[in-house]
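Below you'll find only one chain, the form predicted on its own, shown as C-alpha cells.
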Amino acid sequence: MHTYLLRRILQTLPVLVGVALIAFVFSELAGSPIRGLLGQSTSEDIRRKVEAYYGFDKSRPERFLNYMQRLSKGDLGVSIVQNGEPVTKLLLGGLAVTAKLALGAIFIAIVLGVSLGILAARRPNSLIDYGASIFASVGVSFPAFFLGILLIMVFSVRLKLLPIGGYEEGQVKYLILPCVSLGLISTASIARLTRNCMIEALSKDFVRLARAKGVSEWSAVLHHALTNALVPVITVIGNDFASLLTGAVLTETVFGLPGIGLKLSRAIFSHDLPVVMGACVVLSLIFVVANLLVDLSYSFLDPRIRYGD
C-alpha cells in the first residue's frame, strides 16, 4: 500500500507540471494583462515599471521557471486586478464555499441515487424501475444551471421560502437550492449505475447462498449485494464530487455564491492571468487527489483488491 501510494504521488508531479505549462502557454497567447489593466492612455514608462513589478519584463522561459519555483513552495503569485491579493488566499476562500456546495450536492446525490438504484433493482421492470429510469434519463440531460433557475422561480420567487441568491457565512439556507440543483443532476447517473450493478450482484451465487441460509431479504440486499456493487458506484461518486468541486461555475454564477468557480470566471473576464493559472493548478490537483482516494477506497470495499508493496 505504501509503495502504491508513493508511486501515485510521484505520478502527480508531471501532471501538475503539464497543467501549469499548458495554462502558461494559453495565458501567453491571450496577451499581456498589463495593457488591459492600465489602458491605452498610460505612458510607456509607467507600463514598463508595472510589468517589471509583476515580472512580465522577463523572457517567457524565465517567467515559467520562476512560476514553477514559486509553485513548489505553494505560492501561486498575486492577483493583478485585485490589488495584489495572494492567489492562494483568494482561491482557498472560494474553495471553502465550493466545498460546502459540493459536499451538500454529493450527499443528496448519494442518498437519492443509491436508494433509487436499490429500489429499482429490487423490482426490475416495475413502476419504480421505469420511474427511476425516466428520472435518470431526464436528469443526465438536464443542465444544472437551468434547474437552478427553475428552483429559484418556484421556491424563491413564487413561494418565497428561500433566498434568490447570495451567501452569508453560517447560513445554510443560501446553499439549499444550489445543492439541490447540482445534487439532482448527479443523482441520475448514480441511480442508473447502482440499479445496473445491483441487478448483476443480486443474481450472483453468494446472494442466493445467503438467502438459502435464511438471511433476511434486506440483509442480503444491503450487506451482501450492495457491498459488492459499490466498487463501480464509488468511482462515479468520486468523479462526480471532483466535477462538482471544479465545474460548478454556472451554478455559482446563477446563485451568486463566491466560490472558486465564480472567482475563476471573473478572473477570465478581467484578464487576471495569475488567478486563472492558479485555479487551473488547484483544480487539477483536486481531480488527482479525488481519483487517488477513489482508488484507495477499493481495497476497503472489496477485500479481494489489494495494492501490494
Partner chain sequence: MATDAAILTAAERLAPRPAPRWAKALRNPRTIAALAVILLTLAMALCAPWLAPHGYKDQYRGEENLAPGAYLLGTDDLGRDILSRMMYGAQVSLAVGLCATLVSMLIGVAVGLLSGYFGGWADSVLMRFTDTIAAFPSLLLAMAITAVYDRPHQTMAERIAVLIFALGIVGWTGMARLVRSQVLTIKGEDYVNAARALGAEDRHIILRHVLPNCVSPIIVVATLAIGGNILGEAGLSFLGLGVQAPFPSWGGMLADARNYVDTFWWQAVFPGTAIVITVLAFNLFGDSLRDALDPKALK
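Just so it is clear, the model here is predicted, and its values are computed rather than measured. Numbering follows the first chain given and starts at 1. We call the rigid core the largest set of C-alpha positions that still match within 1.5 Å between the two forms.
Heads up, the form predicted together with the partner chain isn't pictured, but that's what we're talking about next.
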The partner chain: the contacting residue among 206, 142, 218, 107 in the predicted complex [heavy atom, 4.5 Å]: 142
Heavy atom contact within 4.5 Å of the partner chain in the predicted complex, the stretch among 93 to 101, 115 to 123, 226 to 234, 142 to 150: 142 to 150
50, 67 and 275 all contacting the partner chain in the predicted complex, non-hydrogen atom within 4.5 Å: no
Contact flag, residue 298 vs the partner chain in the predicted complex, heavy atom cut 4.5 Å: no
4.5 Å heavy atom contact, residue 10 to the partner chain in the predicted complex: no
Touches the partner chain in the predicted complex: residue 137 (any heavy atom, 4.5 Å): yes
Close approach of residue 157 to the partner chain in the predicted complex, 4.5 Å, heavy atom: yes
The partner chain in the predicted complex - contacting residues of 263 to 278, heavy atom within 4.5 Å: 264, 265, 268, 271, 273, 276, 277
Core-aligned CA displacement of residue 189 at least 2 Å between this form and the one not shown: no
Flag for residue 267, CA shift 2 Å or larger between this form and the one not shown after aligning core: yes
Rigid core superposition, residue 254 Cα moves 2 angstroms or more between this form and the one not shown: no
